[in-house]
Ligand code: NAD
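One chain is shown next in structure tokens, namely the form predicted on its own.
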Amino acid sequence: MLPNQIPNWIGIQEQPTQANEWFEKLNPANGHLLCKVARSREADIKQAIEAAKKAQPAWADTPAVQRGMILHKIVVGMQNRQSEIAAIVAAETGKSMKEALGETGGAIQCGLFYASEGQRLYGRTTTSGTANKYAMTIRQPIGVAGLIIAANTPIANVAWKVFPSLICGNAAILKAAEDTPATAWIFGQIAKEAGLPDGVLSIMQGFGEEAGAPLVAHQDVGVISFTGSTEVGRIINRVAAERFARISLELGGKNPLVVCDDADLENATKWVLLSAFSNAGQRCASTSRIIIFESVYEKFRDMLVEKTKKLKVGITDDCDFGAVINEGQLLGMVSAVEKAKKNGATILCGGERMTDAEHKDGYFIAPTLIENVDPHDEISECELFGPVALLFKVKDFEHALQMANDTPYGLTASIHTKSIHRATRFYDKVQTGVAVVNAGTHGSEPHMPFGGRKLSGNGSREPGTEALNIYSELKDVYINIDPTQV
């Protein structure tokens, strides 16, 4: 299924790095070697950029409708190989085949949406204040797009960035996540088979400091789109802004889910479990702060703990979630939980690495619920990116809203209530880019904009048609006529 070595795609050619360096990718479920991966450096990135610069003008001159037809062929290729893609996703991430198939299906939907945008790459025709003058706007590509993705939902992350950047007429260079190299690699193979012109898309493997950094810094890369941590986002923002590149940052979250005293507690429990623990909590939109009215706190806490303890952890389709992506991530979570415990927190369940025979060789952590934590403790304000959630007790709605907003992040939020008044007040006043009523904090759709406020991003939105504003330039066009020449 996976090749022993994962090379770069520079255009439609598979290539090792110029220094012929490789690093190891391990299976999160058992710690075994999956493959060796090309370790790109600045020279390799420059090679991809030169290929992109050479290919981009012809791609931009290709009518958007025709670009969309080629992207649609990539989507069909993904549909035909959905099980193969999902198997690679499952192997690289330590999630079940069922979950990987669902993620791949979402990536296909995203690709289909953007392929269709080739027929709707709208500008605007409007009026002028001057006689015999006509005004309109048109969209034009930026040039070369640098795309840097995370490993949590790897094929979805590829689709979210590659498809909108290409439909706008850019050439794209994707820096794959080092923990999910083969998922990006197979997408490159499908793109080649679909007839994507040489140089329009390159897929580069390697580490952020060695491959991502030179991509961000290069003067010829006109737009940078990054999904990942706030810490890295700060660095990218500083470097790319210095040369006035377009920047899109989709960063972390510490997302609240509010349970009101009139909530359907069974439904709220279901959505907390899904939002906090599915995908091993490795979503920027995961629920990590559960804010509960004091009148129902003990009842809801007990229900939640009981159901959390019944969750099954593993990689088979009957499991609720699988491994975290690497051992460093796992150890960081365990350390954070232990530190919170020393500071007085109560561990209601989980909090430790799973060391039984089934899990001991992989990177599995038991689903974790914690209470008696100060809202401003380190664990309350730092994104752990794993299956760890905190419980907080509040007096009433206004207290819940205040606590929901009392965070450095502002990505997603959810409220569970039967009151339309509370729901409306909440989604109007909560300081996030996404607000949900009576469901989870995750679950964005390909045609809708996604992004956050504060430390969760720089205000950009991907996917949806809003992503077209990231990957294209707007040009004003004024046409003046002489009516005497008619």
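Numbers for residues come from their place in the sequence shown, where the first is 1. No experiment lies behind these values; they were computed from the predicted model shown.
The same protein also has a form predicted together with the named molecule, omitted here; what follows describes it.
Put simply, of 289, 416, 175, 95 only one has a heavy atom within 4.5 Å of the named molecule in the predicted complex, and it is 175. None of 100, 258, 149, 171 but one reaches within 4.5 angstroms of the named molecule in the predicted complex through a heavy atom, and that residue is 149. Each of 207, 253 and 284 places at least one heavy atom within 4.5 Å of the named molecule in the predicted complex. Across the options 300 to 308, 387 to 395, 67 to 75, 221 to 229, residues that bring heavy atoms within 4.5 Å of the named molecule in the predicted complex belong to 221 to 229.
For the chain shown alone, residue 154 is not a contact residue for the named molecule in the predicted complex, no non-hydrogen atom being within 4.5 angstroms. Interface residue remark: residue 213 is counted as part of the site for the named molecule in the predicted complex, having a heavy atom within 4.5 Å. The named molecule in the predicted complex is approached by residue 383, whose closest heavy atom lies within 4.5 angstroms of it. Within this chain, residue 426 is remote from the site of the named molecule in the predicted complex, having no heavy atom within 4.5 Å.
Contacts to the named molecule in the predicted complex (heavy atom within 4.5 Å) from stretch 1 to 24: none.
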